[in-house]
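The chain below stands alone, shown as structure tokens; this is the form predicted alone.
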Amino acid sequence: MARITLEHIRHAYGPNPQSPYDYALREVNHEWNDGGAYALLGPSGCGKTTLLNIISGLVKPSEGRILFNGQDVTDFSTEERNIAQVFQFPVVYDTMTVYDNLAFPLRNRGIAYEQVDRRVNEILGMLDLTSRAQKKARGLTADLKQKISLGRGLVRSDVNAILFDEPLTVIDPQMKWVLRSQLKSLHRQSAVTMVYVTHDQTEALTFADKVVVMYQGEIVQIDSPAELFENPKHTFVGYFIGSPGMNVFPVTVDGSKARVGGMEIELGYAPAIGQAKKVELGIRPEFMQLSRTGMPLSIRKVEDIGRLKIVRADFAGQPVSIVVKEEAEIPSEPYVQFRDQGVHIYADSWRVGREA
């Protein structure tokens, strides 16, 4: 297991980068704890896989250092770093049986037969592959092959870290849920450092203790799932986490008051917005409450999604979403109230105020 330290990591795929936009990774400075379970979350092109491949040694960063337990491994190969990596698409030996695919990494290291057999059977059971142990991989479906690939990453117990690059892409939705739960359970048992790349917030939030949210080549927040939801540090985090995402709209701030259109919202504190070019208020749909008093709004439509309803409305000329319970009454003359703990002010996309 390893404590992973990233020091001033920047990476550009083209020669002679000049501006920040030339870098796939603009600047990463973070330390990830030994034995932690992390998810790298963000949209396509944000730098997730680049960062994962820098950790694994498949890519050498243009600038900066990477350390495992304090040792500089920037110039080490993947083998020298002693990590396991599971890729988006299955990497298996078609001519081998399922059992032999899982046993291969252990046999290659000269581990005794009894230990190999015990560990392989543990992984076969965890992935529900026991009945297929003696089948050749060639004839299996893509999702079963990916389960084998996952097993090959999990079977070794001596690695510094296990890295997953969107490993559940080809797995059916129900099996995804099962495998995520099993991966989390395995992490608790083994305490090995795990880093999991995904663009799916559900995968990230259910797997990781800490989620690393990336946007345009930068890490914008590392936090627990609860903190990402309740206290997004950047407007992108508010937008990307949650369904629907956080409502964000432009405001002017005067002391402890925010104004939008003809509405005035009392913040309870005076955010330090400085010389920001853009000031916005963010509030999640769950923290807006329909009522018969408060600030008026106009409802455009109501979407019934089962246990909840999503109210799409216009507030002071801005489109907003509000989440209410399925049985909640929708007033004919609706007003809205903001729950104080859910209101955030952002200056040039970064949160400011008491908590920032």
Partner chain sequence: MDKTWNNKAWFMVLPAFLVVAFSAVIPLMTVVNYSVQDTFGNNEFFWAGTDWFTEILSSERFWGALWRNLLFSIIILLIEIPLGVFIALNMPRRGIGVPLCLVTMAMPLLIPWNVVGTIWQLITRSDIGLFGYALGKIGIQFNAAGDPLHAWITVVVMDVWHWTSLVVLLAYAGLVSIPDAYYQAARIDGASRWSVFRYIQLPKMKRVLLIAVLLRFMDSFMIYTEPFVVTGGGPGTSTTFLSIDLVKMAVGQFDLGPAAAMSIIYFLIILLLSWVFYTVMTSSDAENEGSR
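Take the two forms, superpose them, and find the largest set of C-alpha atoms that agree within 1.5 Å; that set is the rigid core. Being a predicted model, the structure only gives us computed values, none of them experimental. Numbering follows the first chain given and starts at 1.
Unshown form predicted together with its partner chain; subsequent notes refer to it.
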query	finding
Segment assignment from 238-246, 222-230, 117-125, 74-82: heavy atom within 4.5 Å of its partner chain in the predicted bound form	74-82
Non-hydrogen atom contact residue 267 with its partner chain in the predicted bound form at 4.5 angstroms	no
Non-hydrogen atom contact residue 188 with its partner chain in the predicted bound form at 4.5 angstroms	no
Proximity of residue 158 to its partner chain in the predicted bound form, heavy atoms at 4.5 Å	no
4.5 Å heavy atom contact, residue 91 to its partner chain in the predicted bound form	yes
Single option in 285, 282, 105, 217 placed near its partner chain in the predicted bound form, where near means a heavy atom within 4.5 Å	105
Single option in 273, 96, 175, 263 placed near its partner chain in the predicted bound form, where near means a heavy atom within 4.5 Å	96
4.5 Å heavy atom contact with its partner chain in the predicted bound form for all of 14, 21 and 65	no
In the predicted bound form, residues of 119-139 near its partner chain [heavy atom within 4.5 Å]	135, 136, 138, 139
Residue shift check between this form and the one not shown, rigid core fit, residue 214 Cα at least 2 Å	no
Residue 98: Cα shift of 2 Å or greater between this form and the one not shown (core-aligned)	yes
Residue 84 C-alpha moves between this form and the one not shown by 2 Å or more, core aligned	no
